[in-house]
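There is one chain below, alone, in structure tokens, taken in the form predicted alone.
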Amino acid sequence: MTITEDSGPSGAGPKVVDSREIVLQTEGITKRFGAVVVLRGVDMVLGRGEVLGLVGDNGAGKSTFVKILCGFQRQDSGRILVEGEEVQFHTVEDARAKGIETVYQDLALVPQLTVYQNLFLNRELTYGGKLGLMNNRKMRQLTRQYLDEIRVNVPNIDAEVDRLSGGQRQAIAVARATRQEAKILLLDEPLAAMGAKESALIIDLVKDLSQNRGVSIVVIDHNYTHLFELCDRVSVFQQGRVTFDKRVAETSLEELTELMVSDYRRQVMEGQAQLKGA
């Protein structure tokens, strides 16, 4: 299944996603909070194993859009389709049941717990019937096995998470999400405040999950360089709409930067005009 070419000269609108099967699609998603309109009819497609980058200024609507995709908020109108089936998300658990997992910037890890304890947080393995004793041996074994499978190098899975590097912590958060057989992974600023070495760990992990395990990934990031390293395609949110959508190979850092600078200048001019007219 594919989507036809873009609907306008800016590159906005649904695009061809190579020859990949579409796993996630939205049609006309809108959202308002009181008098403030945050999303104004967002169309998006995501192919199996594709990494899509979302970029836009604060308040552009990308974070609200991701919260709708993961079931944290509900759209006012529009449709969400997962593998061609229209879905209704009332809670985060509804989205998880359809294979959508989210890793936020704060990671939601418990610093004082070990690597393996965080990987099984709220999904602990037990034995002993009603006694419910923790099966730490099994959880250690599965943690090591899974981290090796996705090529995450954490030598000591008994180490407390707060002793790990930022890149290792981010990798553990991603591993916890994907261990539950997630089909779609939503990442909020996965490379924030990381050095080059730590960023390389996450970039390699994202590429391995998408290319070798078929996980479809949506990445929010304000750093355009990160997006060109991580993503197959990039979409720009401006004032609640997707105004630009191109494969990374068909655009450039310069084009993306010029687009965002031009939009900023336009907003400044509109603001100045409103002040003069007040």
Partner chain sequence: MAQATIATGSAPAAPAPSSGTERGRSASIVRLLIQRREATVFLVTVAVIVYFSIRNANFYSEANIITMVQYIAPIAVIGAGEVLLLVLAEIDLSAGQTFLTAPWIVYFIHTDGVPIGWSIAIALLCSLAIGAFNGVFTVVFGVPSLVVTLGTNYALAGFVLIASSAVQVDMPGRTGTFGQVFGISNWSEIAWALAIVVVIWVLLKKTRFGVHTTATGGNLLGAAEAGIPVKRVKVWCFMILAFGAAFVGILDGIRIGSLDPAAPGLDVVLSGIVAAVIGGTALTGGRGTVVGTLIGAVFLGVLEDGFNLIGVSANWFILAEGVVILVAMAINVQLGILAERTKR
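What you see is a predicted model, and the numbers here were worked out from it, not measured in a lab. Residue numbers count along the first chain shown, from 1. In this text, the rigid core denotes the largest set of C-alpha atoms whose superposition between the two forms falls within 1.5 Å.
Although it is not shown, the form predicted together with its partner chain is what the next lines describe.
Visitor: Is Arg123 close enough to its partner chain in the predicted complex to count, meaning some heavy atom within 4.5 Å?
Guide: Arg123: contacts its partner chain in the predicted complex.
Visitor: Though only this chain appears here, would Val152 touch its partner chain in the predicted complex if you measure heavy atom gaps against 4.5 Å?
Guide: Val152: contacts its partner chain in the predicted complex.
Visitor: Would Thr178 sit within 4.5 Å of its partner chain in the predicted complex, counting heavy atoms only?
Guide: No, Thr178 sits far enough from its partner chain in the predicted complex that none of its heavy atoms falls within 4.5 Å.
Visitor: Looking in the predicted complex, any heavy atom of Ala108 within 4.5 Å of its partner chain?
Guide: Yes, Ala108 sits close enough to its partner chain in the predicted complex that at least one of its heavy atoms falls within 4.5 Å.
Visitor: Quick one: of Leu142, Leu113, Ile157, Met194, which gets a non-hydrogen atom within 4.5 angstroms of its partner chain in the predicted complex?
Guide: Of the listed residues, the single hit is Leu113.
Visitor: Taking its partner chain in the predicted complex, would Gln117, Leu133 and Leu201 all count as contacting it (heavy atom within 4.5 Å)?
Guide: Every listed residue reaches its partner chain in the predicted complex, so yes.
Visitor: Counting only heavy atoms, which residues in 205 to 220 are within 4.5 Å of its partner chain in the predicted complex?
Guide: If the 4.5 Å heavy-atom criterion is applied to its partner chain in the predicted complex, 205 to 220 yields only Leu205.
Visitor: With both forms fit on the core, has Gly128 moved 2 Å or more by CA between the shown form and the other one?
Guide: Shift of 2 Å or more: yes.
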